[in-house]
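Below sits a lone chain in structure tokens, taken as the form predicted on its own.
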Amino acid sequence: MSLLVTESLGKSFGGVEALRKVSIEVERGRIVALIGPNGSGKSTLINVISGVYPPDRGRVLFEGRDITGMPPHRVAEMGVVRTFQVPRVFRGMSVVENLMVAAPGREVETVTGSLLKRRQVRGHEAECLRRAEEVMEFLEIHHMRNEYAGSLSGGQQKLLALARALMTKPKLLMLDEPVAGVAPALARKIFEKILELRSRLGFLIIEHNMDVLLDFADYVYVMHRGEIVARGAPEEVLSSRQVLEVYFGE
């Protein structure tokens, strides 16, 4: 069973069709890339999958369950987590504080007035900190744990955004241009970490860096004017004449 399936998704804004019968699949253990020119519908598709926009037509299935139109927090609770092209971090908080805030289950802090609950809160905080330490070690950002997020470089903030997503224990990660504007060496490092995670997660990644796509993606979908116009292995898709005409204007 595929982790994620979209069936003929359609979405319009003011009479303009942003998505037209978009059907894709993402399996656990696969890195699926979504490419296409600006305005082709890539971000709209992720927004529909994650619950930001309800589709006008079609369905979204996750682990065989229909999640079409669910609100974003419910979709995230099920394990579908996304990042944004511009990292959304708390700039006035440290790296480790950003990770602690992202951890699920923090609602127990609202009952700190109860002596019975205080032990539960302390245990939860300790578990969150343990996981934060593990995530920082994995992504090799532990040396920045006490630095303010606002002081980090763009590439470091991309890593922090990925770390925050991992704190939620996702099953599917949807990454919107995770290495856009990032130095080549750090871009490859980010994708190498994604590769290490692939065995237990599924990935849907919007990306324009053709080099990393060829090296790391298992499968590619190409969008143009709201439609999937090509799909297949990276080498086949990126060398097809149709994709060159659509994506590169050749």
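These numbers come from a predicted model, not from an experiment. One rule holds for the numbers: they count along the sequence shown, beginning at 1.
Separately, the form predicted in complex with a small molecule exists; it is not shown, and the next lines address it.
Undergrad: Name the stretch: of 30-38, 57-65, 190-198, 210-218, exactly one has residues whose heavy atoms fall within 4.5 Å of the small molecule in the model of the complex.
TA: Flagged stretch: 30-38.
Undergrad: Would V237 sit within 4.5 Å of the small molecule in the model of the complex, counting heavy atoms only?
TA: Residue-level check for V237: no, no contact with the small molecule.
Undergrad: Would you please decide whether A18 lies within 4.5 angstroms of the small molecule in the model of the complex, comparing each non-hydrogen atom pair?
TA: Yes, A18 is a contact residue.
Undergrad: Decide whether T44 counts as a contact residue for the small molecule in the model of the complex under a heavy atom distance cut-off of 4.5 Å.
TA: Yes - in the model of the complex, heavy atoms of T44 and the small molecule come within 4.5 Å of each other.
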